[in-house]
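First, one chain by itself: the form predicted alone, in structure tokens.
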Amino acid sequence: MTTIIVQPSGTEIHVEPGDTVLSGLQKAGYAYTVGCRRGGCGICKIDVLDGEFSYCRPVAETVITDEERADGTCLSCRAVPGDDLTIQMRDASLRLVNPLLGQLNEKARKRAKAPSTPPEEQ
């Protein structure tokens, strides 16, 4: 299970394996300003405060500088969390646009965090 914690609100989002940060947030009912969704414009830049991520597909070298890469900046449209991430939005504000998806994501997050019960003996 991967969780994205969005600061400063502390909002926790459950993310399915292989989902990008952007797709995980959208599946949880959230929206913010994004551009091309191909790693080419840089509008979806966010700051990763804690955790690891990798890019599932190439991003344009001109969009994200070496300094930004070093300080944890990532393109949310291409970044796939390797473990739990703590992020902070930049210019864009995260908005819950679909409360039903938010509720479903919260239930999935709680189920994933619940300790597993051993199967009954037969």
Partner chain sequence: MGIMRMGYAHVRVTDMTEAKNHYASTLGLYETLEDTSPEGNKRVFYKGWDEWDHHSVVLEEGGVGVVKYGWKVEHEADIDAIEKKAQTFGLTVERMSSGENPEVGDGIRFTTTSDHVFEVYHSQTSIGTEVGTHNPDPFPRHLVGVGVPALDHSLITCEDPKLMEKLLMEVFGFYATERVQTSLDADHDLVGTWLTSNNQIHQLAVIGGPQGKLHHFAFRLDDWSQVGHAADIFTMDDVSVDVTPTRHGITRGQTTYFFDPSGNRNEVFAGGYLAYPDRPTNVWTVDQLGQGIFYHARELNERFTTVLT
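These numbers were taken from a predicted model, which means no experiment stands behind them. Positions refer to the first chain, counted from 1.
Not pictured, yet referred to below: the form predicted in complex with its partner chain.
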{"property": "Listed residue (Val80, Val63, Leu94, Val48) with a non-hydrogen atom within 4.5 angstroms of its partner chain in the model of the complex", "result": "Val63"}
{"property": "Ile43: touches its partner chain in the model of the complex, heavy atom cutoff 4.5 angstroms", "result": "yes"}
{"property": "Contact label in the model of the complex: Gly39 to its partner chain, heavy atom within 4.5 Å", "result": "yes"}
{"property": "Residue contact check: Thr73 to its partner chain in the model of the complex, 4.5 Å heavy atom", "result": "no"}
{"property": "Its partner chain contact at Thr33 in the model of the complex, heavy atom, 4.5 Å", "result": "yes"}
{"property": "In the model of the complex, residues of 2-29 near its partner chain [heavy atom within 4.5 Å]", "result": "none"}
